[in-house]
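The chain below stands alone, shown as structure tokens; this is the form predicted alone.
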């Protein structure tokens, strides 16, 4: 595995590979890697000749300075894990490389309701920061395919919107959520859970499964309220449990939409956990791998 810290060196190397006809796949991460990230790597390796992984804790997507400060950073362990799993290129840029002072990197794209619901309500400005860093990384790496995880449903939906609106020459592939044996969605933040909160954490997955099982048996309002109260009784501080249209992200009132998903965010102590599940999938949905 080759490791680069500057844009110039990375692009020089990738240009050589592209001149040989190699296809480039890209997995952007913020590090503290786990098996969920490796599932993205494995998907990338299935579809592309070269797998590029970036590790960059992006400051523009944090609206909470404490969350930015406490975000786990273990670059040496991450690099070892990526090397063990056959990654070809690791990009470890500094903030100055991603956001040089003489380059405008803000993406002027109106996201409408895509950024105001769910995560957007509780993390203002978050998705503008996500869009900014992903667009910048795509401009740097210039991959043929981009791989993201389903766990951040709103995030990949917004990136898909950005790719289509800006007509970027990259194909997005979304890899299904990787879970622990008890159903907890794998996340870099899980390592911060206390033993007590780790025990209750799988309840989030159980609530999502309950919503899927009962989508046609109960009203949307009943399902959302039941899951919020169930999480609260188990010891969480839930922010939302929303059932929504998978394309627009807007809340629904009946299960008649072709593409329906549920998403939730809840605090387990001082750790904020998010998860989602597709409750009803339309035919021909080809984003997921």
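Residue numbers count along the first chain shown, from 1. Since we're looking at a predicted model, the values are computed, not measured.
There is also a form predicted together with a small molecule; it is not shown, and the following applies to it.
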Taking the shortest heavy atom distance, is residue 123 within 4.5 Å of the small molecule in the predicted complex?
-> no
Would residue 210 count as touching the small molecule in the predicted complex under a 4.5 Å heavy atom rule?
-> no
Using heavy atoms and a 4.5 Å limit, would one call residue 34 a contact residue for the small molecule in the predicted complex?
-> yes
Is residue 152 close to the small molecule in the predicted complex, meaning a heavy atom pair under 4.5 Å apart or at it?
-> yes
Among 148, 163, 133, 114, just one has a heavy atom within 4.5 Å of the small molecule in the predicted complex, namely 148
Just give me the single entry in 43, 223, 30, 231 that has a non-hydrogen atom within 4.5 angstroms of the small molecule in the predicted complex.
-> 30
Go through 35-43, 231-239, 245-253, 258-266 and give me the stretch that gets within 4.5 Å of the small molecule in the predicted complex, heavy atoms only.
-> 35-43
